[in-house]
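Quick heads-up: it's one chain on its own, the form predicted alone, in structure tokens.
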Amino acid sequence: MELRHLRYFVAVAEESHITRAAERLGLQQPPLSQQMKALERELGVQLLRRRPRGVELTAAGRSFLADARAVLAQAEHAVAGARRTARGEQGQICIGFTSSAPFHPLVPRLIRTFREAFPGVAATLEEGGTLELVDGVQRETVDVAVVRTPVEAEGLVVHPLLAEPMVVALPRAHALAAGGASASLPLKALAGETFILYRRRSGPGLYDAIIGACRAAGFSPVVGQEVPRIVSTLNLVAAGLGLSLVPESLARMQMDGVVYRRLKGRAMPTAPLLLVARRGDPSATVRQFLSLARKTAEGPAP
């Protein structure tokens, strides 16, 4: 028995006439009659009672009609679902991000836009460190990850989204904090200060960028503390243990005892925002997310 046999039977039952059903189906009447008789033989029951002016359903036929309609509806649902999944409109995706990434408005805007565009996709979010997230993408427990540090790993591809300036986070009572929020500092003014940096082994990109910029400004920074999360540096700055360079978007996080100042001069360090995914990932949902991420990054800020 095939789905077409169920469609034939439903048409005959609804028309109560084989000739009219044949016209509806685009078939000839004799082959359709033969198909109905073959269906009855296969089931071993009489489904239709032949009358001079058409056909009527037997009790068995009425029961079979209800189930035939349900099977056809379920088949249509399955086909539609498969097509939505193939288009990336249905399924699931795990989006990873480092602790500082959501502070940039691009990240929440991207996730919000994706959920609005693809309401049939179940999106789960996972926060972690760069190396942890990269490992998750490789092991396929995470589908895509927004990170701050450039990575090179087998089987992965990195999509640059943007690069934002870095600012100085200072204890409020620090001498360099004078001048108000609009004040800016040359990087060389930080020479001799104690730096609190994002731990290099957690992601060397930002660490190396800061060290390199300081050396280009004529000094080697004094590193007092290294922390596993960029956001954690602010807690130590608030405690007066030193200063830090953080992505500009972190200045949105107002913390008691911390002030932010812009940097001025040439070759200032920047904090990239990168999207990591598996190379050639077959998931249409992931491809849709990557495409939307690129469009969102290229589009104007709201």
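Source: prediction; values computed, not measured. All residue numbers are counted from 1 along the displayed sequence.
The following text describes the form predicted in complex with a further copy of the same chain, which does not appear among the structures shown.
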query: L125, V222, A75, A178 - the one with a heavy atom within 4.5 Å of a further copy of the same chain in the predicted complex; finding: A75
query: Answer option from A238, A267, A70, M253, heavy atom within 4.5 Å of a further copy of the same chain in the predicted complex; finding: A70
query: Candidate stretches 60-68, 271-279, 238-246, 258-266, one within 4.5 Å of a further copy of the same chain in the predicted complex by heavy atom; finding: 60-68
query: Complete contact of M1, A82 and T85 with a further copy of the same chain in the predicted complex (any heavy atom, 4.5 Å); finding: yes
query: Touches a further copy of the same chain in the predicted complex: T194 (any heavy atom, 4.5 Å); finding: no
query: Residue contact check: R7 to a further copy of the same chain in the predicted complex, 4.5 Å heavy atom; finding: yes
query: 4.5 Å heavy atom contact, R49 and a further copy of the same chain in the predicted complex; finding: yes
query: S99 within 4.5 Å of a further copy of the same chain in the predicted complex, heavy atoms; finding: no
